[in-house]
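The chain that follows stands alone, in the form predicted on its own, written as structure tokens.
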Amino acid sequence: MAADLKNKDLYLVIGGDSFIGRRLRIYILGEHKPVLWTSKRKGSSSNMYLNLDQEKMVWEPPHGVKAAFFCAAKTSILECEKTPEETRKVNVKNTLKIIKMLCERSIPVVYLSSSLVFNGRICYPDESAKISPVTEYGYQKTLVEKELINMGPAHNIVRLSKVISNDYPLFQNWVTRLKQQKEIEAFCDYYFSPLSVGFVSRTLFDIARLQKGGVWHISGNRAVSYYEAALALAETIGVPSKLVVKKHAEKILDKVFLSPSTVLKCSRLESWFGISAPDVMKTIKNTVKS
């Protein structure tokens, strides 16, 4: 099939029907570059089957790939805490198996990591800051990062803050209720630093084309509470702010979720591309569908 393509501008997306992977491959096609992708779903002629949940994976990287984006993972913090051995099989063991296969073909990897490799105590950590995760998910990401660094300088580790889209379910549910003049509840002590999936896709592609390797940060410009985000949505659609009710996460959520959401300093993006961290409030308001 297309896996035998030889093209110096051919890109591969591992986890091409994941949240970020799907948008990324669409973006690459929009840049008029060929792209192949893997999927857990069998039977599609437009992708390659690869399931990281399996004990034995029968898979071979395609030839002629310029760069591979590793987007496949179990990303639920709660799932990683509850079933660490099972999620490590996917996020660490089998992820490293596939990365090593790609290395054997001299294919540079763009690996999607997370701001959760940090403990949230350092303000705006840069790419050289010491990692110290407090969640199982963050720890699994650090294990892969360390192995990837040892494999050589051609590979890219991209740490991301929270990535959302225009159809982010939480926001869309809030907007629907607000438009009906119904109250919504939002945490005033639970923070994030949202990025649009479109911005992330463009930036990942730029990083792959640059071929510099190393650690990269992509983050919103500051931390914002979900309560602030809800107020911004209410303002955007023109409904009273009194419809947004404060709620305290510390009374409801497990302590693991209350680790400070790390905002990253994006030094290399600014240096190489002149890209500043996107304004989080613009990102939030842009999710409102007209």
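Predicted model, so just to flag it, every value in this text is computed and none were measured. Start at 1 with the first residue shown and count on from there.
We do not show the form predicted together with a small molecule, though everything after this point is about it.
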Among 178-186, 118-126, 207-215, 159-167, the stretch whose residues bring a heavy atom within 4.5 Å of the small molecule in the model of the complex is 159-167
Q) So in the model of the complex, does residue 135 come within 4.5 Å of the small molecule, heavy atom to heavy atom? A) no
Could you tell me if residue 18 has a non-hydrogen atom within 4.5 Å of the small molecule in the model of the complex? yes
Is residue 75 one of the residues lying within 4.5 Å of the small molecule in the model of the complex, judged by heavy atom distances?
yes
Partner contact for residue 131 in the model of the complex: the small molecule, 4.5 angstroms, heavy atom
no
Residue within 4.5 Å of the small molecule in the model of the complex by heavy atom, from 143, 96, 107, 90, is 90
The small molecule in the model of the complex has a heavy atom of only one listed residue within 4.5 Å, and of 35, 249, 234, 50 that residue is 50
